[in-house]
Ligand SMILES: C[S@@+](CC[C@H](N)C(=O)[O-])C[C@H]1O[C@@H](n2cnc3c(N)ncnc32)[C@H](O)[C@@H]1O
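In the block that follows, a single chain appears as structure tokens, in the form predicted on its own.
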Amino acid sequence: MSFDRLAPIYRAMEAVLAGNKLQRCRTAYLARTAKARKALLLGEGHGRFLVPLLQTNPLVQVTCVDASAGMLTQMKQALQRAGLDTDRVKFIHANALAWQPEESDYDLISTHFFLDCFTAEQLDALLAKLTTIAAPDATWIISDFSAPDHGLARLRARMILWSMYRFFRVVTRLPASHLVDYTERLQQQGFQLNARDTFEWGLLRADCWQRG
């Protein structure tokens, strides 16, 4: 899986296809990151959560792990455009599944439109790994796609998700072919859901989870 082919155009593609909808979802619980001091951002992509996180939290130190070198370049450029100090950010070019963490006790984890990239088996392995390096009181901020339970909203979401997965499987070799629900899996890892909001007829979901 690699988003390198899309990295130069990903920001523009998001703006054309979704406007500010995904960004609204990413930053829904930004205020809850104010006390974070050590953050882990996985699959951050073009840096649209990283920038406001650094702007609103002057003390946080951030580790960004991304499998795409092109996306890491986009992150650095986004920081430069915002006039932010890159010394507070450690950039790691690695597949999250293969990545071997050298640090732990992250009090903030964020995964924005990232967990939907994995199969059930991969997601189980990833969540178990992240739990081992999360602080005892860690906050986990998630934004992702979802499918409502019934009605026209569910039909609409399934059509959009079907198209998206077909596109990304071809262009990025995405391993997943459908959404895998992470809710029960996070609960099994000792996290509790503190807040959840949905947007776009339930197609988009923003979560704030707390460990312990």
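Start at 1 with the first residue shown and count on from there. Just so it is clear, the model here is predicted, and its values are computed rather than measured.
A second form of this protein, the form predicted together with the ligand, is not displayed here; the remarks below concern that form.
In the model of the complex, the ligand sits within 4.5 Å of a heavy atom belonging to residue 3. By the criterion of a heavy atom within 4.5 Å, residue 199 is excluded from the residues contacting the ligand in the model of the complex. Taking the partner from the other structure, the ligand in the model of the complex has no heavy atom within 4.5 Å of any heavy atom of residue 141. When the ligand is considered in the model of the complex, residue 68 lines it closely, a heavy atom lying within 4.5 Å. Only one of 182-190, 39-47, 155-163, 52-60 lies within 4.5 Å of the ligand in the model of the complex by heavy atoms, and it is 39-47. Shown without its partner, this chain lists 77, 104, 86, 95 as candidates; in the model of the complex, only 95 has a non-hydrogen atom within 4.5 angstroms of the ligand. Contact annotation for 112-128: residues with any non-hydrogen atom within 4.5 angstroms of the ligand in the model of the complex are 112, 113, 114, 117, 118, listed in sequence order.
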